[in-house]
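What follows is one chain in structure tokens, specifically the form predicted on its own.
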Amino acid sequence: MHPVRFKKLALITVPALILVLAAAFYFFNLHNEVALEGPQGEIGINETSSAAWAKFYPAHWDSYQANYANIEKPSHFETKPYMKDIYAGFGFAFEYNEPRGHVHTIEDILAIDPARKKAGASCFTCKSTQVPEMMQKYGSDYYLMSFDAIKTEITEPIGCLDCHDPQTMQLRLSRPALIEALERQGKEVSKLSQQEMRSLVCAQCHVTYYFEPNTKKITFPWDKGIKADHILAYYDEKNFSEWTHPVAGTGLVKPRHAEYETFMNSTHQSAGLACADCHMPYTKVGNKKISSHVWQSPLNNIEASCTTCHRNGTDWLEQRVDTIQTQCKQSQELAAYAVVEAINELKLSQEYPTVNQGKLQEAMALHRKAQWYLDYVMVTNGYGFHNPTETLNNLNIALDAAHQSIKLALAARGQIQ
């Protein structure tokens, strides 16, 4: 065919083909569009009952309801018996169960061992949509109230109002401790990006914290940074301990589920992902696209949670996770039993009549450090997967500090040089 005739034919057929394909694509998707479920009505600005949101967001509500299927709450002591020795003298030594999930928070906290309720009303802070209302009602006295004084006023578990503005559905922060911690870091909450918020709404609760000694106010110890070494330095500078171990005699601090802190600067977070990308993946319900509100391990929904980015296949992904978690569990157990040994050696040293007090104090300081780094990992979900490198590094520090504590405890008794 002559080149000129070919060009003329192409100029006619190519546009025509594009029009046909575009029309086919349009008609194919006409009844198959994926639309985000959005605001459909008026919800009260302080509507704490998530059931009241259901008629406006039925697909999300059905997803949220699926959380009730999680009914198991086995004791951590079954798989980590060393916890009882490590937490001796503290409420966690009496009872420490795996969480059943967000929708069970009220019934579970009411049933918890009384030894775990000494924090009073603050125990409810991450457990109910009604907490901001209680804080406004009682002001600073909220933190000083007893558990029993407030328990009848709180009936709603974690729900919609904890994370969403009821008028716009935009993500929002509802807990003062996080807002104050961010402001102390020089961050403007109003300027946080949507992707940052998709992790920070989780960071309202999935973080470590402590109760200020006099006011009992919940505070995030992030002023020096958000990693394990920064937080321990924060406590050390304040000479702060939550309890004294009755066997070792050491002043200790208790980390709480530092999920957000561990996730930050991890491989996934550095790649731009947020907590919600893996734990609340987008899913299609009919002709609607929603963010899953079944809060669970991504492994329970691996196709939606992981294969959007990872093309290696689900078998490879499961094996990779298993390898990481197995390594972390092994290192955790090594560190845990070393900490228990340090506790026992400190007990013997304290009872020794001619103990070297200087070396004993050094051994106790190392026990404090070892237990902090171990516990920081031990109480964080995911068994290291949120940040494998950092997790194993923290466990290595714990193991080394525990062994140093043991040696110094022995040296304090003159049994080694």
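In this text the structure is predicted, and so the values were computed from the model without any measurement. We number the residues from 1 along the sequence you see.
Although not depicted, the form predicted together with a small molecule is the subject of the following passage.
Enquirer: Given a 4.5 Å cut-off on heavy atoms, tell me which of 133 to 141, 192 to 200, 81 to 89, 221 to 229 is the interface stretch with the small molecule in the predicted bound form.
Expert: Correct option: 192 to 200.
Enquirer: Would you confirm whether the three residues 108, 171 and 280 all fall within 4.5 Å of the small molecule in the predicted bound form, going by non-hydrogen atoms?
Expert: The answer is yes; 108, 171 and 280 each reach the small molecule.
Enquirer: Only one of 295, 210, 147, 96 comes within 4.5 Å of the small molecule in the predicted bound form by heavy atoms, so just point that one out.
Expert: After the contact test, the surviving option is 295.
Enquirer: Within 4.5 Å, heavy atoms only, which of 284, 187, 310, 118 is in contact with the small molecule in the predicted bound form?
Expert: For this set of options, the contacting one is 310.
Enquirer: Is residue 64 a contact residue for the small molecule in the predicted bound form, using a 4.5 Å heavy atom cut-off?
Expert: Yes - in the predicted bound form, heavy atoms of residue 64 and the small molecule come within 4.5 Å of each other.
Enquirer: So, in the predicted bound form, is residue 250 in contact with the small molecule at a 4.5 angstroms heavy atom limit?
Expert: Answer no; every heavy atom of residue 250 is more than 4.5 Å from the small molecule in the predicted bound form.
Enquirer: Is the gap between residue 330 and the small molecule in the predicted bound form 4.5 Å or less for some heavy atom pair?
Expert: Although the small molecule is absent here, residue 330 would stay clear of it in the predicted bound form, with no heavy atoms inside 4.5 Å.
Enquirer: Does any part of residue 181 reach within 4.5 Å of the small molecule in the predicted bound form? Heavy atoms only, please.
Expert: Residue-level check for residue 181: no, no contact with the small molecule.
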